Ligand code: GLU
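Before any questions on binding or motion, here is one chain by itself as structure tokens, the form predicted on its own.
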């Protein structure tokens, strides 16, 4: 690391929900900055006026805050290098466009869309790779033939002039090592559209320079952009930041993770019931590894241990089962109060008809604690196990209800349930011991406990019986046992 202060930036485009790839990029920038005592700048790239949406930008900001990724400068966090919406920075870009035009690094181009399409078609017919061929390339910005057309308000783009197509641009990527980019990969590219709006690559260079960005971490799909940006940095006389290009994320079929994947966005992950700690932990490990191989990590742990030398350049595979498991570990690290508060905020929670006795929620949490990996799963378990309107005797239970001793077990169970609101641990244990000795021929093991579990939750498999017996109101235990008895032979 140099003595230059570490300043990173995350610059989403407000054109859709925050994709997990974007979240991981934001996270790696955040972790790198905090590990080195630096700053993270949040910048909104909204110069594509047709696709950008201020409401979506605010939703993305909410997602980052929900995840615990806080920025040091940006929207709602004023700093000396604002404004932080690119659409509010047009004067900055004009200054540098004028510089490039005057110094001969750029030119006005009046080619129409139809003329460009004709060039593309000709190149394709000849089997040649297409690059723009502009008849305006060699005109200076103040040539009378150019100025007269501009004065008539004819539409023109401003293009950067690639002067040496044989040159190789080389830089040391923090993730991938030495990268060599031949200049001939790109033709003269647009800096300003014909409507006067600047394009992505130009804005990036100007803003990263103006905001004193020292390190740029972004997805590997931006490697082709890096070539254009290196040309601009050099032509403008700007210091080049350190670049690190992160691997793409693949789905379970090893194809690029689609935005249509069921867990591809922050809003999807919220709906599926993942908690911020679980999401952050999993995405951190999706391309980076802890120096001691640890997997269950808090944000504090990640900041302390994150170094770029452990970021892997190979594609990362999104493993939903691994994410489930990690999320479950973070749920189990919560206090009962924290978990219940999160569950209570979910829309589906208010639809449940659950017991309201004091302390009941702690009993219920003891039942579902080790069973659920997401908040959505926890809601499902509360619904299935504790909401009487959703009690259902599942198909595998029918076999258990046909066992020779099941009817006697359930009759004994039902006859010994008292009129208290809930069973105590001692009362449940006494009933079980009594059933073991009073049912004809004796009964134990699965032939005792499976019938009892069916009588409690409608399924022969599930959580510990003593936890269920203490959490289910006796009234429900009686109703369910009676319903099961009707199905016994």
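Numbering follows the first chain given and starts at 1. The shown structure was predicted, so the numbers you read here are calculated from the model rather than taken from an experiment.
Although not depicted, the form predicted together with the ligand is the subject of the following passage.
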Is there a heavy atom of residue 45 lying 4.5 Å or less from a heavy atom of the ligand in the predicted bound form?
yes
My question is simply whether residue 24 lines the interface with the ligand in the predicted bound form - judged by any non-hydrogen atom within 4.5 Å.
no
Residue 12: heavy atom within 4.5 Å of the ligand in the predicted bound form?
yes
Answer with yes or no whether residue 222 is in contact with the ligand in the predicted bound form, where contact means some heavy atom within 4.5 Å.
yes
For this chain shown on its own, do 200, 204 and 218 all sit within 4.5 Å of the ligand in the predicted bound form, going by heavy atoms?
yes
